[in-house]
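Quick setup: one chain, the form predicted on its own, written in structure tokens, and binding and motion questions come after.
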Amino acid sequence: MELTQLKGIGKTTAEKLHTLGINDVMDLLFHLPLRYEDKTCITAIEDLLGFSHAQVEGEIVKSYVTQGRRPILVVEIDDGTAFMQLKFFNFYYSQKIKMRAGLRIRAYGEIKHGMYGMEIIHPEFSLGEKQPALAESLTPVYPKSEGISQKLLQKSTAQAVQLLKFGEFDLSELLPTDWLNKQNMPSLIDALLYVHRPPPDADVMQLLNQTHPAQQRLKIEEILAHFLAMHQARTAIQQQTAPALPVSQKQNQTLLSRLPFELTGAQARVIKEIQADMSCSYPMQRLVQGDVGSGKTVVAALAMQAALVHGKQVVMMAPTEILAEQHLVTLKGYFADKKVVFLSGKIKGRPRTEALAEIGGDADVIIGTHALFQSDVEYRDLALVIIDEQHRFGVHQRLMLKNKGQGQKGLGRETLPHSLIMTATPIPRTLAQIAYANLDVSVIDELPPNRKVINTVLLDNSKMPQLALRIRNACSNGEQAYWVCTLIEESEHMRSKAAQDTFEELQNQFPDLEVGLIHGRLKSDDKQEVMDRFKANDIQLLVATTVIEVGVDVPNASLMVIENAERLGLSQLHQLRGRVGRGNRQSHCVLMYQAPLSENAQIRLQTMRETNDGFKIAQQDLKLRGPGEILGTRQKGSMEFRLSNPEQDAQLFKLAKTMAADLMQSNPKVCDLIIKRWQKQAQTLAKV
């Protein structure tokens, strides 16, 4: 049913609703409340509790406007049990006139402790002796976007609920009735009616905490749809063909003999898992996650070896030029006897034409950025795709690169390349199992031996002189330091300017040190020159933007200063800190901050000071920011749960995962219907 068939929704409003994913009336039913307001009763002022929401009613005793830096309309009311204040920071003159002493007022909002007792700031209110009847049920509050009012959503959803009651929708029950009864969950229709219009006797706390059986019923089907889509994608991939690329221990040893170190046990285990996958005739789909400095590049190189010994091509894509260039230098050292080609968006004209010809010809290892999946890039015989820092690429970008390997024929079917995606951003195990249920997950959970723990300290911006002394002492001892500039603005131009200003200030402050500068707007050759000079210790102090977050490896750098660290998330802080501590020296990370700090910022910085364990940091990050941010904002779609939360609903996720496996075996038709109901793009998104 079209949205415009509902009262109050015209073409323009319908288009605005589309931005919320509401394309028809059925979608309205599945646009579920975020929370509820209890307007079913009046609470006595003397019984009010701070930091809760409540509805009060009383007589206006007086109203006045405070004369300060910002005028505030204050309305004092009395309900016979106590006095309280209603405050309006934005008000009209006519509103002030209406708030006359002696009038009755009903108000709803968040209760706060004010200077003169309880208060509500900007309450919803109604004036007059004759007040409307109290609500018969909790009032749902829906997710909304710009141009769409809460009132519109409430009225539109109410109409959709009425249509559901009258049987206008085909919402057949897809879950087994006996299973629902066993779990004490209602049917889908009963659950939808309940969450949109909870009855007067509803358990308010359960609803507010998202633990009511009706909410659990909707959550379980939503989670089930996610696992089914991932399960289907995994099965579909396993039915595709990929080149079988077995590799012998002797062939591995050829590469291992070139390494100046021994593999850790975790690296050896993960390499074995990868090479076992690549020996199969269906595409590998594996995620490798490892903490900063755990040695993922070597693991990637051993995966490449399995393809290269068969004369195949491999490609490695990184999100930034500086990281791609770092991989280029490392892998050229590992594969000195192979043709290694680099391609990025900044390579133009004749050099690009030559690179494209090599990629289509005798190139063995191809390294680069997003330029690798452009339409004019054609590979000779692509058998392995490695994507580093995968969360920085959108799902469709990853799919485009993987599709570059399609087309070669095998067993009468098109072949796909093997896929290995890597991340140095640790993801809590439970979240990884949910977000990447269509992938095999390997974890490098061991750091190289003798790696010293980085000492992390917090320093107020006002204590700059102490920091200057620390930098001077480190550099005079032959060590090197990073100074990372952060900005709230997302503009690369603004970041570069801030770094330039800091660079000039530090040059003046440390005239006896060689100070360097690197940022995203530098040309590729200039960036490489700066990094080469820093690696050679020609530069002692490197001023940088967060472009150095991943990939930069300078063992002699033992001091990291991050200014305005309170502006960065835990994951980014941990990645930046990982640029030091890569050699034998004791390393330090100084997190500079501007007081006062928000509660979240305090937690983030304290977490950084207390632990170097990336997985513990990721767990704390999950609590603070939620799963969508941890996985990267560019993964939008792959983890868009309307109701469910992997952290809060861990048991439901566990239950749904088991149920998904059973349903795929017993009733594949129902699986398709569940996916279609909840995830319109699930099958596309689960391919990558």
Ligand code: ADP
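Note that residue numbering follows the sequence shown and begins at 1. Worth saying up front: this structure is predicted, and the values here are computed from it rather than measured.
This protein has a second form, the form predicted together with adenosine-5'-diphosphate (ADP), left out of what is shown; the following refers to that one.
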query	finding
Contact residue in the model of the complex, chosen from 592, 263, 341, 474 - any heavy atom within 4.5 Å of adenosine-5'-diphosphate (ADP)	263
Contact assignment for adenosine-5'-diphosphate (ADP) in the model of the complex, among 569, 361, 555, 143, heavy atom within 4.5 Å	555
Candidate stretches 475-483, 426-434, 444-452, 180-188 - the one whose heavy atoms come within 4.5 Å of adenosine-5'-diphosphate (ADP) in the model of the complex	444-452
Contact label in the model of the complex: residue 292 to adenosine-5'-diphosphate (ADP), heavy atom within 4.5 Å	yes
adenosine-5'-diphosphate (ADP) contact at residue 582 in the model of the complex, heavy atom, 4.5 Å	yes
4.5 angstroms heavy atom contact with adenosine-5'-diphosphate (ADP) in the model of the complex for residue 267	yes
4.5 Å heavy atom contact, residue 296 and adenosine-5'-diphosphate (ADP) in the model of the complex	yes
